[in-house]
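Given next, in structure tokens, is a single chain: the form predicted alone.
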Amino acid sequence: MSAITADVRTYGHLIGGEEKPVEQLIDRVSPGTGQLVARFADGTVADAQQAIAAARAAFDDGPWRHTTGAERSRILLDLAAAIRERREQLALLDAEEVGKPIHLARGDIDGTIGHFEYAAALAQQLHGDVHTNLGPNYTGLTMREPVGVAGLIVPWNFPALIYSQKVPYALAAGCAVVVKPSEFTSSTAIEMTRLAAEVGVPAGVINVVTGYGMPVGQTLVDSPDVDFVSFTGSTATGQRVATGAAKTTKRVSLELGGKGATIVFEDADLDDAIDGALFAVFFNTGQCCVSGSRLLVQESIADEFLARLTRRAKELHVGPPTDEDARLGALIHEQHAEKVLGLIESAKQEGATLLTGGRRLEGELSDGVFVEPTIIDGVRPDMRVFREEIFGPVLCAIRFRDAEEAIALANDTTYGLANAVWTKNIDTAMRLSHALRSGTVWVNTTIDGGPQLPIGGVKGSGYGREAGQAGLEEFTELKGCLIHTGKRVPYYG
């Protein structure tokens, strides 16, 4: 277990089944309380290389890739059960380090368990195909094999959940992995990896190296001994990952930024749509890549909808991680809060109207990093708040006339991760589901789903998929095999 001194967790790297003591540490102060809660190893190039070597040996020479699907499934189910037993502790770790309300962190752990359980089911279903129509004496096979060593780079906003969108699918496919969690939120990655060892995942199959993207993440991207990189984070960093990976011709999966739209038509159930619009942008304090940070509302209902939405936003309770009633928590750190407040200010200077919020919260919350739930009206497509990912509790409203204009506004972005449509008209729902350029479209719901559904984007939101059958297949290579039986007719002679 982690070393605990005066309630401060201290962690080393997990490499080859052992925890490595280190001297250089990164302090993590909770953005929700201002208190020091954890210290993580400040990883080096040598640390990352050692972890890659451990994963390489575990994959090339260890038993995991040759373990049956049934055995992998059993171990993944045992790991899901172990995580369930530690649900409250793991939730508290994420709540403290991210600054999110504890009830949201519990939901993240529940989702984490779901991914492990679903990946366990997929482990028994991974198979190839047989082709028997290639002619006499020929049988064609397609075989799915593990891609090898995978570097998994996990962001800070959903530390346990996004770990679970990568690790169990990699294990179900038979891979070995090196996990690089965020330097802000590393505890649950380490604790769940320890649990994996307890339930029988062989040493070296899961390794965790904490620290900064440069040098740890960069080493994973550059190493020729890493066969595949799965990255979740900003579009700018994802572009650097793709460029770096090209030097060793390794595949990458990129789940990047978003600028999602919540599109509300006049025939929608307005009560549901208001709930959805609030949840879409204020869930996880807006620090969510699939956040619906742009509200597109039909002109005929816009004034009423925004008035009701603003009243509801003013009633939302903001609080520290252990506040059971809080619906919004802290922003990840001071620099991020400054960025969010700067974007709000830019909207005001460009002529938009602030309906509510827009300020740093002080008083009882002054020890943390809290910004009020914010709604901005009169936004135009040329404004920064319409075009840039804010990643905070800020909703930008713009009116539209008809479906054609709604589609054009929603697609007027370099991103393409997720959008939500609120309508009771099935024709409108289906039309927009096809027309919106994003990896996910929700209809009459938002930020919703299950481990069966793939997660990923288009355009600047990346490529590749996590979760679902597609998420498992990302960690495989497809091999063709042609078998000839009987006597072969020679080409020559």
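Note that residue numbering begins at 1 and tracks the sequence as displayed. Values in this document were obtained by computation on a predicted structure and should not be read as measured data.
What follows is about the form predicted in complex with nicotinamide-adenine-dinucleotide, which we do not show.
- No member of the trio 272, 279 and 452 reaches nicotinamide-adenine-dinucleotide in the predicted complex with any non-hydrogen atom inside 4.5 Å.
- This chain is displayed alone, yet in the predicted complex one of 83, 189, 105, 417 has a heavy atom within 4.5 Å of nicotinamide-adenine-dinucleotide; that residue is 417.
- Among the residues 396, 241, 371, 177, the one placing a heavy atom within 4.5 Å of nicotinamide-adenine-dinucleotide in the predicted complex is 241.
- The chain is drawn here without nicotinamide-adenine-dinucleotide; in the predicted complex, the stretch among 396 to 404, 70 to 78, 231 to 239, 195 to 203 whose residues come within 4.5 Å of it by any heavy atom is 231 to 239.
- Contact check for residue 264: every heavy atom lies farther than 4.5 Å from nicotinamide-adenine-dinucleotide in the predicted complex.
- In the predicted complex, no heavy atom of residue 116 sits within 4.5 Å of nicotinamide-adenine-dinucleotide.
- In the predicted complex, residue 377 stays away from nicotinamide-adenine-dinucleotide, with no heavy atom inside 4.5 Å.
- In the predicted complex, none of the heavy atoms of residue 248 sits within 4.5 Å of a heavy atom of nicotinamide-adenine-dinucleotide.
- Within 4.5 angstroms of nicotinamide-adenine-dinucleotide in the predicted complex, the stretch 138 to 172 places a non-hydrogen atom from each of 153, 154, 155, 156, 157, 162, taken in sequence order.
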